[in-house]
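Heads up, the chain shows up twice below as structure tokens, two forms, tagged structure 1 and structure 2.
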Structure 1
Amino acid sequence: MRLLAITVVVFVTMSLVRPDRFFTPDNFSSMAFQFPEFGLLAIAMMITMLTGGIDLSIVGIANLSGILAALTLTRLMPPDAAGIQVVLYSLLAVAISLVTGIACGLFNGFLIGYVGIVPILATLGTMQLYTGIAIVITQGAAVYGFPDIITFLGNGSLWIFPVPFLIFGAFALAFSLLLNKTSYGFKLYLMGTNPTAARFSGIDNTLMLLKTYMLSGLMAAVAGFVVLARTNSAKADYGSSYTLQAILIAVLGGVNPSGGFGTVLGLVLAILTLQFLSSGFNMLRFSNFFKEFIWGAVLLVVMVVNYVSNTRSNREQARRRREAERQADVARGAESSVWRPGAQD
């Protein structure tokens, strides 16, 4: 709720400061093209953080799966392909990128769940590994030049809605349902809150980790495909700063880094806030570096505010509990509050 207020305040402020530029359909449309890629990455980051883990390899997965898809479109597809053939190869490219994402995610899950490496280290290693494989495949160069049907996914609009926005919306909705309405989601939150309790209540934690990192890899691949479609190219070192941004969005959206808490709605609000801020700053002619500064500052301020309000509400609760106990003592009578079991012997 606090986040909703922040989102609204940022939005209103930006609208008031530059009503001629900010509060325009053009600006909304350009924002709707910009945020889906890191929004998708943030969902990938969020679900691993719900388990109390982290996935530093998402950008590596996104680039690797994007490159494999790009190679399908440039090397595998005959240059004179037309009509239905192009559609089939495009579907193949999508399938290859998603399968890559799932495979990379499963490998992360295997390392974390079965081998038992701490998530931050396992994904630190696979981040290097996946990025490295992408570099080896492409020799560090960009792969570019895709059919129109692909670039439409990144730059086209259906009626007034940009396609990347619709893709993000669909996945955000799907994950919201997955987390709230399915037994997988329920188990995920339980495991994040207390892994031991989860194990004793019959949840296979290893399997859950495997599934979660697989989903994370899948989402990273989707994000990779959106980047590929928007930029009409794929490269091994795209978006290296997105890892930080994905963590930032997740934490800002109320995801607890030690697991168990966080919603897709919070995440979406966090993305909108940051997007409003960065579009607004662009219009006020602040540099991108200023944006980097503000994002870091916003992250820290939100964490500090959360901490302060949590300790205050805890203290308030403790005070109320003491008050209630005191009144109960009074009601029971003076001697019962003095009596302590075992005190006389």
Structure 2
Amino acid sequence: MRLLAITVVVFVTMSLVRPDRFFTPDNFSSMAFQFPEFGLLAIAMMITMLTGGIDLSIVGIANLSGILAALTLTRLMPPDAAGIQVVLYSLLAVAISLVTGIACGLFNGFLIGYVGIVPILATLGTMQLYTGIAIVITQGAAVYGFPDIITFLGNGSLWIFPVPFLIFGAFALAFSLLLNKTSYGFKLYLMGTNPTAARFSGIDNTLMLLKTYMLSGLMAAVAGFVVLARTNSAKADYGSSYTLQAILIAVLGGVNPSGGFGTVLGLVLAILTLQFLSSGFNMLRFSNFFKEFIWGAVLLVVMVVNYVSNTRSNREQARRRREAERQADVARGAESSVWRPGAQD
């Protein structure tokens, strides 16, 4: 409820500040094209944080998978391709992008689950690795020039809904069901809450880490393909600020960085809040450097507020537990002092 209230307050504030530009259909359409790509990355970040870890390599995976898909479309597809041939090469590009994302996530999961490297260090290293591979492949240049069927995925609309928005909505719904309605989601929350208890209950924590980081890589690849389709190009340094935004969205959405708690609904509300702020800042002509400062400040404030709130909640639970134990002791003492007929003195 607190996050929903924040979302409404930000929306109303921005609508009052610039009603002529913010509260318009064109602005809502523009926002629906903008937020899906970092929303998908936020989902990737969220599921790794539910394990108590983090994935700093999501942007590197997105760019590498996008570049390999772009090279498939520009190098492998014949220049005179048309019709079904274009569709088949487009499907091949999508498949290569997704397989790349899964493979990168699998490598992350191997380093964390089997080798035992701390997630923040493992993914920091692989972030540089994946970005470096992308730079070596492209020599730092952008790859561009894709068929219309690809650019439609990033710039087209179905009725009044932008296609990137529909892609994000489909994956958000799928992950909501995955986390709340499947045994995988139950095991993920249990492992994030208490890894030792999860292990003794028969959960294979290492296998869960592999699956989770593979899903994270898959989502990063989807985000990379959406960026490719929207910009009609792929480059090794796209979305450099998206990692911070993905962490900010996850934390603002209520995901516990220590693992075990977080919902897709909270994530969606956090995305909407930040998108409203971002659009409002653009209309107020704030510089990108100032926005970076705001994102960082908001992240710190949210983490402090969450820490204080959790600490108070834990103290209150401990106080109630002690009070319940004291009342139980008093009740047992009163019961033992009651005289019963036939009882031995």
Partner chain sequence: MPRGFFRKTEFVVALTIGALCLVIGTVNPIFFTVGNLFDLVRNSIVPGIFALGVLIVIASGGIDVSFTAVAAFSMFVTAKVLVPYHFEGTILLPFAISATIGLVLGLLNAVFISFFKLDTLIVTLGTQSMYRGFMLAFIGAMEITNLPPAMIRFSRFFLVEVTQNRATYGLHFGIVILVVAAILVSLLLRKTMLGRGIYALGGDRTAAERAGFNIRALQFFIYGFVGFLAGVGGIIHSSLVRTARPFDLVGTELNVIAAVVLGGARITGGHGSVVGTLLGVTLVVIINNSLILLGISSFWQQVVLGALILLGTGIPTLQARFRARRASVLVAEEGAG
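Rigid core: the largest C-alpha set superposing within 1.5 Å between the two forms. Numbering runs along the sequence of structure 1, starting at 1. Only a predicted model underlies this, so the values are computations on that prediction, with no experimental measurement involved.
In this comparison the chain labelled structure 2 is the form predicted alone, and the other chain is not. For Phe28, the Cα coordinates differ by under 2 angstroms between structure 1 and structure 2 after the core has been superposed. Residue displacement note: Leu68 has its CA displaced by under 2 Å between structure 1 and structure 2 (rigid core superposed). After superposition on the rigid core, displacement of the C-alpha of Ala324 between structure 1 and structure 2 amounts to 2 Å or more. On rigid-core superposition between structure 1 and structure 2, the C-alpha of Thr311 is found to move 3.8 angstrom.
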